[in-house]
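Before any questions on how it binds or moves, here is one chain, the form predicted alone, in structure tokens.
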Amino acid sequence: MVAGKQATFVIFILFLALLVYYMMRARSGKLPFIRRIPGLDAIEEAVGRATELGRPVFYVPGRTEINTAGAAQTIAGLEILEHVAKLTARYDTDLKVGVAAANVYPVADAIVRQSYLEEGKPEKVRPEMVQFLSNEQFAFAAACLSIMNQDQSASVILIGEFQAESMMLAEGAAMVGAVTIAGTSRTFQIPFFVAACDYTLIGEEMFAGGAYLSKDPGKTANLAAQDIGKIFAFLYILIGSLLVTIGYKWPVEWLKR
């Protein structure tokens, strides 16, 4: 075996075994426990508020293209969009989706159409539901603010990768009196969302959204296996650091194998 790959291979096999174990349990009906995430629970409340007021839900799945370093956040935002679209279809609530990346637009459009189809309301889908606004940062932010003000959005959901436009979008939503749910893993933007939004998904809470909302056995099993893997990694780092400090080198040497 190539030097430096043995430890990686062993860790991969252990994680795979853990994933298979949790997947078998999930498929037998024993779903792993996922702690309550208020920001995700509030999505139904936000859609319900929009329904009562007769005003739309405005959703933004981040500003990043789907093939860049921030793709994981964009995909997380699109997964949660599926849940939101199903709720708006179920309650006959107007939905607007603002997209900043050209290669995200067809994916978001397909998700909305499929969600309405699954709810038995494909005729409710309109071309203007999903709009490509601009790939320029502040032109995109200005377009989002225009939609919020024109529609007087009842609820604004911002989940994905956001940058300097985050505060503009959050404040714009607050100015029209919208319930705002936001989520990102960009540490520089999280404080702005916490300060300006009603609910904020912090870091990995956003990535857990698909499993949390859908209760899909495969997704929840994957989430549980990752969490257990992180616990083992933390313990290895902690115990390994202590052992290296007192003179035992094998925790570091094993990782080099």
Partner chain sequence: MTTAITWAGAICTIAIYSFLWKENRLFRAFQNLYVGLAAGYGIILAVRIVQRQVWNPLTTKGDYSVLIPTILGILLYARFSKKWAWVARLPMAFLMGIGAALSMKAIESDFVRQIQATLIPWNSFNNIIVVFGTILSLSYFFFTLKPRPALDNMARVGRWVLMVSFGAAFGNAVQGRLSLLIAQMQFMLRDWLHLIK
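Nothing here was measured: the structure is a model prediction, and the numbers come from that model. Numbering follows the first chain given and starts at 1.
There is also a form predicted in complex with its partner chain; it is not shown, and the following applies to it.
This chain appears without its partner; in the model of the complex, the one residue of 179, 87, 95, 133 with a heavy atom within 4.5 Å of its partner chain is 133. Residue contact check for residue 43: none of its heavy atoms lie within 4.5 Å of its partner chain in the model of the complex. A residue is said to contact a partner when one of its heavy atoms sits within 4.5 Å of a partner heavy atom; residue 91 fails this definition for its partner chain in the model of the complex, lying far away.
When its partner chain is considered in the model of the complex, residue 215 lies well away from it, no heavy atom lying within 4.5 Å. Using a 4.5 angstroms limit between non-hydrogen atoms, residue 202 touches its partner chain in the model of the complex.
Contacts with its partner chain in the model of the complex, taken as any heavy atom within 4.5 Å, map within 119-153 to 133, 134, 135, 136, 138, 139, 142, 143, 145, 146, 149, 150.
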